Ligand code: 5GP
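Quick setup: one chain, the form predicted on its own, written in structure tokens, and binding and motion questions come after.
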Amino acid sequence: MGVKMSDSPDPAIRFIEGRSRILVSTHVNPDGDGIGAVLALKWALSQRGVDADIIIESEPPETLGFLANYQWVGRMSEEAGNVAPYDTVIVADAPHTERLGAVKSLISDNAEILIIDHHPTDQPEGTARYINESASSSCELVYNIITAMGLSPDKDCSEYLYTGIIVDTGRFRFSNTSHTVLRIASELVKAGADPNNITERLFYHNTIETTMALGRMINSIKLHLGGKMATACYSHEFVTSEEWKKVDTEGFVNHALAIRGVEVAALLREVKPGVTRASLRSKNDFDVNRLANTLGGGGHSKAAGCTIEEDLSTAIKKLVKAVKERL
């Protein structure tokens, strides 16, 4: 069972009160929900006169560059050595600091940590936690914090939050699309978020490299276990190429999951020699979060990820075997 908490954002608000310098971060390879959440948190903290620094391990996704003040998002490689360790930390869209990657080295040993997340976990971390597994996204939780603080999101903040929500709800078509999040989306649009522009920039503004990479992924699809599992992959050579730098694979794995009869789909990429990352998706009753947990990863029951310390070919075999044991 995951950690259950009330819908109240009070622990988060009490944590923020009286702070002066805060590190705000999210998981490695952040998506729209993680980036939207940290940007909205910095906006809210600035309204209270709090100095907040956003630092993430990896390159901020290029597809999110249309968001206002995107320069707020600092990279670990640029900030390391330039800042003193932080005694106060907010982690958004991740259950613990291990998911921050190298950014964890910026956290002092005795730091107080607030975790804001909607992923199920058996090993929560933090001095304070606002974890609600029934929420659509971390941006939904940040919206609750902001409004409970008595703040009204402006246009920029509304677009940060709306972006995270539509990414994590699959444009309001996933099962986590509740009446609550639809109401919140309506309020964000009323405050200035532009659904047409955000959707256009996120889903219909691909580079030619991204489109070509989708074709490459589709050509790599293989079926396993009588057609119940599909895998697709990218080689280490491709993911370290210049072309890869302009590729955004968000949503790619869903093309494999959409194949008739497939219950589990995985998109694997060998990011280093002997190190392979897998994005997992499922339908029906298969829980990919439990699968990912056994491999050191995590996520949601229908969407999760993990890193396998194997080369691409071996990682695929290991993953197929793990799925076979659970089907």
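For every residue, the number given is its place in the sequence shown, counted from 1. Keep in mind that this is a model prediction, so the values were computed, not measured.
Omitted from view is the form predicted together with this ligand, to which the following refers.
The stretch in contact with this ligand in the predicted bound form, judged by heavy atoms within 4.5 Å, is 290-298, chosen from 63-71, 256-264, 34-42, 290-298. The closest non-hydrogen atom of residue 16 lies beyond 4.5 Å of this ligand in the predicted bound form. Of the heavy atoms in residue 119, some are within 4.5 Å of this ligand in the predicted bound form. Put simply, residue 276 is far from this ligand in the predicted bound form: not one heavy atom of it is within 4.5 Å. Not displayed here, this ligand is approached by residue 306 to within 4.5 Å at the level of heavy atoms in the predicted bound form.
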